[in-house]
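What follows is one chain in structure tokens, specifically the form predicted alone.
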Amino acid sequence: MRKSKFLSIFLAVFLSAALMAGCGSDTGRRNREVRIGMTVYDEYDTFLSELTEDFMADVAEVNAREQGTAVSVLRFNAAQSQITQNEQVEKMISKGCNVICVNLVDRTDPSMIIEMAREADIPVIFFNRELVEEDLMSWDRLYYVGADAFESGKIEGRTAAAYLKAHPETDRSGDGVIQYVVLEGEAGHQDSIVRSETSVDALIEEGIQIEKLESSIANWNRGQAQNRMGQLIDRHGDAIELVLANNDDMALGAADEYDRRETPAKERPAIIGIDGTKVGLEGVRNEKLIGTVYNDRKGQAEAMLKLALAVAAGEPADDLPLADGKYIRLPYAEITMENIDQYDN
């Protein structure tokens, strides 16, 4: 995907303003450092790893181009522990971070982070794992950058439906009904629930006759998904004609299990994921997956940096697409073999 020209324009204006504010002094804002703290729920999550790589690349671009203001990032991995993440935020505050970016471990429990940030008057940008609206609205210096989980599920279901209509042989039993399984992210996680439900709803809306065999939780993880897929195959055998996975890693885990069993391509179900990660795109190219749904990590990284620089400087973010003054959501997009060349790795 092409990189937005707006990032360069926005950063040039922002950093020029910072330099001009300190032009009367060699030690003022001319040499000011913007310190961004970042913590993710699990650095081994493929999508998050790629998103943070894009974010750091944008930061490096700013630092290479602009001479007056240096942007530094203090990064942490919460390793799926909310207690650990709370401690990391406390450390970011003590280290003098101007803004904190948080990928929540537990989207229902941001209270400690919000309390610490409010006490220190440091803005917080939550990203990718959306917190409850009531919590986000509890203070005017809280923001969210991500995407709409409902949209991802709808696109996944519509993409699967289009494939099934074009490939009637997928219905190997010939009963006119597609038997499917679902590989879910986390128990109780909003994105897991929404992606699972809306993808199925979209299939039905597209006129596909379906029958759910089973769902299994694989925690967004490729290895766990392979294990769960093995269990599903043992229980349902070749009755499985479609695998709906909440993300690419789990979709690829399902494909890995069929690879391990050396199942011929014509005897495999259609498998589809969400996120459009590098490995997910490769899975589509290699025809392990029938498609994926692009979650615009580059756009999210870019928006998060623009927002971070604005709020860190106390500048208005009026030129950013903030819904309700709080949300920046990037759109999803369908990826299949027909359009995959439009997306880079």
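For every residue, the number given is its place in the sequence shown, counted from 1. Keep in mind that this is a model prediction, so the values were computed, not measured.
In what follows, reference is made to the form predicted in complex with beta-D-glucopyranose (BGC), a form of this protein that is not presented.
**Student:** In the model of the complex, which of the listed residues (Val279, Val311, Val59, Leu48) lies with a heavy atom within 4.5 Å of beta-D-glucopyranose (BGC)?
**Tutor:** The residue in contact is Leu48.
**Student:** Which one of Ser199, Gln85, Thr159, Asn128 is close to beta-D-glucopyranose (BGC) in the model of the complex, taking close to mean a heavy atom within 4.5 Å?
**Tutor:** Checked against the cut-off, the match is Asn128.
**Student:** If you check in the model of the complex, is Tyr294 within 4.5 Å of beta-D-glucopyranose (BGC), heavy atoms only?
**Tutor:** Contact check for Tyr294: no, nothing within 4.5 Å of beta-D-glucopyranose (BGC) in the model of the complex.
**Student:** Check whether Asp191 has any heavy atom within 4.5 Å of a heavy atom of beta-D-glucopyranose (BGC) in the model of the complex, and answer yes or no.
**Tutor:** Result yes; Asp191 sits at the interface with beta-D-glucopyranose (BGC) in the model of the complex.
**Student:** Should Phe55 be counted as a contact of beta-D-glucopyranose (BGC) in the model of the complex, where contact means heavy atoms within 4.5 Å?
**Tutor:** Taking the distances in the model of the complex, the answer for Phe55 is no, it never comes within 4.5 Å of beta-D-glucopyranose (BGC).
**Student:** Within 4.5 Å, heavy atoms only, one stretch in 65-73, 312-320, 40-48, 280-288 touches beta-D-glucopyranose (BGC) in the model of the complex. Which?
**Tutor:** Every other range fails; the passing one is 40-48.
**Student:** Taking beta-D-glucopyranose (BGC) in the model of the complex, which residues along 193-219 bring a heavy atom to within 4.5 Å of it?
**Tutor:** Heavy-atom contacts to beta-D-glucopyranose (BGC) in the model of the complex: only Arg195.
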